[in-house]
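Okay, so here's just one chain, in structure tokens, the form predicted alone.
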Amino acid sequence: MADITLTATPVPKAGLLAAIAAVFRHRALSSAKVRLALLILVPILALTILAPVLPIQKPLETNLRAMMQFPSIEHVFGTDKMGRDIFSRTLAGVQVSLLVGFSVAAIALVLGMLLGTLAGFYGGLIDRAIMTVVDIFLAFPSLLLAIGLVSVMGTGIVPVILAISLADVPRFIRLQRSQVLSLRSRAFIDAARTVDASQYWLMTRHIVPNTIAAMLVAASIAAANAILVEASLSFLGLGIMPPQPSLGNIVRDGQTYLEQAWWISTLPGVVILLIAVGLHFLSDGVRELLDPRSR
């Protein structure tokens, strides 16, 4: 009888990644929260990206003959006291808000995972030193801390990003540390130690991959909160300063004219609300998607 040899055909990496992406898309779109988040965020993102080529007035362009005009086809969100188009200024403000939100989330995620992993995995003096600094920062409300840091570093987009990031990083460190403390006593970590796995191997191959899901959810929430904090700072005159448009300073400029020109503050404020709600729905959907206990 002839020998029969079975050989396994390797799956191309590109095909495997495509299959994983297809499964992820299917599961993501099956979530009502993710669908609602995409329904809110995708049109805003699309308009923001296409803003330079849209047939609308430039954000800084003034037209004194079109001051305080009610929303119309020509000016979708109306105009302000200098005849500037509120819709184009809102889209420019969304660009700033998204840049701040996602930059803060990325910085807080990287630093939080790095320092939280070191504190939770090694313990001892490293843990005490890191957590002492974390406790000092957590003693202040995040908005108050961001106001204080911006007052020291100055206004502008870079100081705002750094200030909000420094206010958010301690919470990420504490979350990551708590997860690492829970994981390092698990049986699979003890099994890896019995075969002389290095500490670097344990952290990069066992600890961090098992904490990334919760940290991604925290990052999406931090992005939404950072957008609200940036708008608050700009509203108070401590964030993005005119003439550069920001959702916060647009709302501040229109507060004096709420009775006769309500659209100047109200419509950009609604956009802030929609972005925050969309990101929070997205974070809930990502949590359900990555957490097997939610399925």
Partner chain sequence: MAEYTAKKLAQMLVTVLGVVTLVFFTLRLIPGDAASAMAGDTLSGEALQVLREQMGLDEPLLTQYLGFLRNLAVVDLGETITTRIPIAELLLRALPITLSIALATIVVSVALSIPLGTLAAYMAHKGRNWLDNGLTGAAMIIDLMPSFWTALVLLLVFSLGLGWFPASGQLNWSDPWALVLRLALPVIVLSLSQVATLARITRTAVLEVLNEDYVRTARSLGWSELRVLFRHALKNAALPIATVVGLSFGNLLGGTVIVEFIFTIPGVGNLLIAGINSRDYQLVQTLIVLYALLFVVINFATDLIYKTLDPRVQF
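Positions refer to the first chain, counted from 1. On a predicted model such as this, the values are computed, not experimentally measured, just so you know.
Below, we refer to the form predicted together with its partner chain, which is not included among the displayed structures.
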item	value
Partner contact for P141 in the predicted bound form: its partner chain, 4.5 angstroms, heavy atom	yes
4.5 angstroms heavy atom contact with its partner chain in the predicted bound form for V286	no
Partner contact for L238 in the predicted bound form: its partner chain, 4.5 angstroms, heavy atom	yes
Exercise: P59 in contact with its partner chain in the predicted bound form, heavy atom 4.5 Å	no
Non-hydrogen atom within 4.5 Å of its partner chain in the predicted bound form for each of S232, W262 and G269	yes
Options 147-155, 87-95, 68-76, 116-124; stretch whose heavy atom lies within 4.5 Å of its partner chain in the predicted bound form	147-155
Within 269-288, the residues that have a heavy atom no more than 4.5 Å from its partner chain in the predicted bound form	G269, V270, I272, L273, A276, V277, H280, F281
